[in-house]
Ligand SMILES: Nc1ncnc2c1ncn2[C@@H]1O[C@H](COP(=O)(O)OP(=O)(O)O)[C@@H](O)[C@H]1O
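Shown here is one chain on its own, the form predicted on its own, set out as structure tokens.
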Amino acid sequence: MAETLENQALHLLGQVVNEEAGENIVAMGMVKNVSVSEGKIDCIIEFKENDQKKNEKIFEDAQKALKEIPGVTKVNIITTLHKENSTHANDEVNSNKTNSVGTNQIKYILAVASGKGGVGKSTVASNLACAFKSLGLKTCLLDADIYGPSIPKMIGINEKPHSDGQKIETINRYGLSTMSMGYMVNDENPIIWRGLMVMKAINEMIDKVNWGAADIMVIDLPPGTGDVQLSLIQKLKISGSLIVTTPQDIALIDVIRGLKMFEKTKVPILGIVENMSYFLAPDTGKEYKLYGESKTNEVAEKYDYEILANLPHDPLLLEQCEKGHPLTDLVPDHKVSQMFIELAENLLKRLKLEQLANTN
């Protein structure tokens, strides 16, 4: 079925014409990759020139064509711009890139991801960033969840970043250098953007932000395996990724998709964090399993990854998220804070090992 859909996709993309050149985008070599999985099509299109109006039309025509295929439930089109002497887009994903100009002074870049929303990924990302800071590391926190930015709420920021017209300054809070699309828009306004606009926003939060020198950047990715994730993977040399899940079966199904995405794009997977593994009673300290017996171990063993932490559903942790002060910074000796600090220490060791392996 997948092969049939891929052939159909290529056939339909062959009807999308670059009007200025008078040729279809397949014949011109602009279609770099088409893959189909469970009714979802991922496609990479490489534009030949930086003409936003023309490129946007090609993007829209390609998306419309692919959505017409029976059995297709979702279409993700990643767009890249051809550069002289550059490798193909799908090769770039797998190459040993150097970091973008905006982040070239950051030693490690850690992507915190989840297959679905509602698993506490942003809670993990913000507290983990504070944990790295507590270890003496200069830490950056990038909220890359374009459509649903949570970091401004979790670290209590409602101000706009300053710019000198060339560079945007990070907003510093709790010793972290941060940036989020949530700083730019009104909380009540939905962000309704298409693929090219999303890519532009991601590029600006990387290249136009004055990140400066740092030991580590924690990126809070949006849930799923869509445009933002693939765009960041193409643009940055991500040192490692961390997958966040809950014990629920429905969350674990999406974890597998996340693992496969990072495997396919050659991003090192450092491990899995099971969040809300149990409820930690504040009065007795007793643990209660809210979702029954977890199957996360089965998934980890099947795909040969390690569960690095089983974090509790802790009332104080959630309360401080709502108040905008990560627990790991507010009460560093709290049991949950210590778990985040131990997780940060473990991840740092793994990042160093990955870096050593890549240099040998």
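Residue numbers run from 1 along the displayed sequence. Bear in mind the structure is a predicted one, so any value in this text is a computation, not a measurement.
Although not depicted, the form predicted together with the ligand is the subject of the following passage.
Visitor: Test of understanding: in the predicted bound form, would residue 229 fall inside 4.5 Å of the ligand by heavy atoms?
Guide: Looking in the predicted bound form, residue contacts with the ligand do not include residue 229, since no heavy atom lies within 4.5 Å.
Visitor: Under a 4.5 Å heavy atom criterion, is residue 61 part of the interface with the ligand in the predicted bound form?
Guide: Although the ligand is absent here, residue 61 would stay clear of it in the predicted bound form, with no heavy atoms inside 4.5 Å.
Visitor: For residue 120, is any heavy atom within 4.5 Å of the ligand in the predicted bound form, or not?
Guide: Residue 120: contacts the ligand in the predicted bound form.
Visitor: With a cut-off of 4.5 Å between heavy atoms, is residue 275 one of the residues that contacts the ligand in the predicted bound form?
Guide: The answer is yes: residue 275 has a heavy atom within 4.5 Å of the ligand.
Visitor: Which is the contacting stretch out of 42-50, 292-300, 308-316, 61-69, given heavy atoms within 4.5 Å of the ligand in the predicted bound form?
Guide: Checking each option against the 4.5 Å cut-off leaves 308-316.
Visitor: So which of 216, 154, 270, 219 gets a non-hydrogen atom within 4.5 Å of the ligand in the predicted bound form?
Guide: Checked against the cut-off, the match is 154.
Visitor: Among 38, 322, 304, 333, which has at least one heavy atom within 4.5 Å of the ligand in the predicted bound form?
Guide: In short, 322.
Visitor: Relative to the ligand in the predicted bound form, which residues of 288-306 have a heavy atom no more than 4.5 Å away?
Guide: Going through 288-306 in order - heavy atoms within 4.5 Å of the ligand in the predicted bound form - there are no hits.
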